[in-house]
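We begin with a single chain expressed as C-alpha cells, specifically the form predicted on its own.
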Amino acid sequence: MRQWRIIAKEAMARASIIGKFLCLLHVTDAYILSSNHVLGPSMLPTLNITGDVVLVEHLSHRLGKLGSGDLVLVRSPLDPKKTLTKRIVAMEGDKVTFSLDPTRSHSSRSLVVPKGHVWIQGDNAYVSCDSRHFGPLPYGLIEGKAFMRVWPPSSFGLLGE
C-alpha cells in the first residue's frame, strides 16, 4: 500500500509539472509570441503567394505601439473565423485617400480614420479585400504584429516596409 502511495505522489508531481508547462505554453502563444501561416496573393510582393510562416508578437497593439507601415494580423470584420494579414496605412485621425477599383485611379475617395480605428490595406491592391471594402478596422480586431518571416528558410529575416 505504501508503494502505491509513493507512485501516486510521484505521478501527481509530474502531472503538475506538465500542467504548468502547458499553461505557460498557452499564455506565451496567446499573449506574447506565436507563429502564423500566411497564404494568398494580397500581400505580394512582401509575402509569398504559396505561404510564409511569420512570427507574430501580441504586445505592441496592447501597448498602443503600432504605426503606419506595420504588418498586422487582424480578425476579419466580414468573417470572424478568418485571420487576415495586412499593412496599416493610416491610424486614427489620419486622412486617407483610396480607390475602390485600383484600375480606375480617377475614382478616389478620402476620409479621416475615426477614433479607435485603423486603415489597413494589402500590398497587392488588385486582389486584396481590406479597408477599401469594409471601412476602417476597429483597433480591437488587431491580434498582433508580424515582425519576422521564419519559413521558407531562403526568405528568413525581419519583415521591413
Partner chain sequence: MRQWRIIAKEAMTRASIIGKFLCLLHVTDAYVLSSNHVLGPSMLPTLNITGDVVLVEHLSHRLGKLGSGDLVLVRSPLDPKKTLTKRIVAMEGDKVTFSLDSTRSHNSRSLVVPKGHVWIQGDNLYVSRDSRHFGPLPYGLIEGKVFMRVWPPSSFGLWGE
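Residue numbers count along the first chain shown, from 1. Every value quoted in this text rests on a predicted model; they were computed, and no experiment measured them.
In what follows, reference is made to the form predicted in complex with the partner chain, a form of this protein that is not presented.
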Out of 150, 18, 12, 24, which one falls within 4.5 Å of the partner chain in the model of the complex, going by heavy atoms? 24
Partner-free chain; cross-checking the partner chain in the model of the complex, the single residue of 116, 51, 93, 67 with a heavy atom within 4.5 Å is 116
Would residue 126 count as touching the partner chain in the model of the complex under a 4.5 Å heavy atom rule? no
Please state whether all three residues 31, 77 and 141 have a non-hydrogen atom within 4.5 angstroms of the partner chain in the model of the complex. yes
